[in-house]
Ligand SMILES: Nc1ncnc2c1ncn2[C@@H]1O[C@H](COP(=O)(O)OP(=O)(O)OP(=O)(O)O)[C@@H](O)[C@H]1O
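Form predicted on its own, single chain, as structure tokens, below.
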């Protein structure tokens, strides 16, 4: 059966970007035998123009692998990817390169993601040469414009990256990502290697670029405080799967999944009085070995609310009051209605988000 393109509204308008049942598998060895590790396991999501979707979870949950699989930087073992309604899953060569100009990535470490032997004009100008055939003075002029857009002096075009601080290097990486005017930018822990004050500056820059260019962001992070500020929707990932998805404010204030509640309880609060009064949820044990076949709910071995049914039956996504869904047996018991469709990415009626207009974005990010 040919899969349907995931949609976001009643007008059947295709999402800007969507992944349907995406899986990424690595071949490895265990006790001398070949086995397969499902780092991303049948994950679906969709992004509309101008929206930010954050993916959060512990280290090793599959966040970065999901980002690379979505951009075709890693081969997928199953599923379908769509950009502007066109399936890009099986594209190769020139056809894939043409679609790649619509989706770019900013990596976590600006010290290793930028070639120290290249000048800024070559680093930022490379996608201009590959996709737009710009060379010489035209490319140099465009790179200077991009540096100005990210808050760096245009005169820096001939400098090497070792002459810049970490925050300045990340600005260069952002300039390279937006050079060919993509619609989607994937930010893989793009601020985690920076100090707090520099993080705020980069986040302000990203918000301004989003308002000005109507960019969509797939924001990979482990920092829930940052996610609440920057994202329209939040997806919580555990062992390669989404366990909860919903509007960021709802997920932050009214988490439905026990794993989400545990993550939020570990987030520090700046008020010491409030911090002392908070109840910390400490998860017992370690996550299951991803190479093992887990029956039932994969979180049950650490869940403080685990029931007998969790050991034998995997929970299905169930709607949550306030928007979104959670894959937990407890959610239907709290009054949730019928389950959302699982054959395609849930529609915006099932996972609503805040308006993505520039005015709405400005209001949200000024708080």
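Numbering follows the first chain given and starts at 1. Fair warning: this is a prediction, and the values are worked out from it, not measured in the lab.
Beyond what is shown, the protein has a form predicted in complex with the ligand; the following relates to that form.
Could you tell me which one of 318, 39, 43, 53 places a heavy atom within 4.5 Å of the ligand in the model of the complex?
So the residue touching the ligand in the model of the complex, by this definition, is 39.
Note which of 85, 102, 78, 290 lies within 4.5 Å of the ligand in the model of the complex, where distance is taken over heavy atoms; exactly one does.
None of the other options qualify; the answer is 290.
The ligand in the model of the complex reached by all of 58, 63 and 189, non-hydrogen atom within 4.5 Å:
All of them do, each having a heavy atom within 4.5 Å of the partner.
Distance check, residue 222 to the ligand in the model of the complex, heavy atom within 4.5 Å:
Within the cut-off, so yes.
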